[in-house]
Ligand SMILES: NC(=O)c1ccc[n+]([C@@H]2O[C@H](COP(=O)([O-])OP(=O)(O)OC[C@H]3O[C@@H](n4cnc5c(N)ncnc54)[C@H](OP(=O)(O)O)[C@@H]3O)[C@@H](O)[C@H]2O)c1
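Just one chain is shown here, as structure tokens, and it is the form predicted alone.
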């Protein structure tokens, strides 16, 4: 897929899935704004990406409206507009319902829902000018219930349905789609596994979760994002693409 000179902002691109998405856009010729919650995290990602041309750091706290607007404005000023917004910034934590407090609830809602919405709102005028598109990263947990991560499920389910509503409201000028990954092999997942009483058993549980009996790689998610953002998907809007090894197909 050719994204030569396309102007792209990927939130949450300092690590994990977002980093791989940004790298894949750069490989395809795009100009990409690299986002992290701080100048340090965005700068570190820029260094890791090395000698790619046409990249710029666009830090901002996605949990705040001001941070969303700052990241989007930095990308627009650097590139003279915007063609693609990928909302990948997100937080996730598993806790029983009884242990979920207000701070946890607010953190999930602020980043996963509020932040995503206000990044879209800030980018929309330029995306309308370019007939661009938005790809939101949700989760298989946004398509089905999963015990132990109720708050996360609620916010990711909100991402899925908010993407549908946006797609209807801003068509035909801007397309909006959603990617719903299952377990993905990232540093965040590996760190989480190491904290468990039995890390090997936890890792095996993640492998066994999907019918395909493995965990996705970050590039498998990134390929799906680039497809939805590309001209190949120009008749697709309001959809949720599950890249989950079959986890949402049923039990």
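Numbering follows the first chain given and starts at 1. None of these values were measured; they are calculated from a predicted model.
Although not depicted, the form predicted in complex with the ligand is the subject of the following passage.
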item: In the predicted complex, the residue from 91, 160, 104, 149 that sits within 4.5 Å of the ligand by heavy atoms; value: 91
item: The ligand in the predicted complex reached by all of 12, 35 and 184, non-hydrogen atom within 4.5 Å; value: yes
item: 4.5 Å heavy atom contact, residue 72 and the ligand in the predicted complex; value: no
item: 4.5 Å heavy atom contact, residue 63 and the ligand in the predicted complex; value: yes
item: Proximity of residue 22 to the ligand in the predicted complex, heavy atoms at 4.5 Å; value: no
item: Partner proximity in the predicted complex: residue 212 to the ligand, non-hydrogen atom cutoff 4.5 Å; value: no
item: Partner-facing stretch of 121-129, 77-85, 135-143, 164-172, counted where any non-hydrogen atom is within 4.5 angstroms of the ligand in the predicted complex; value: 135-143
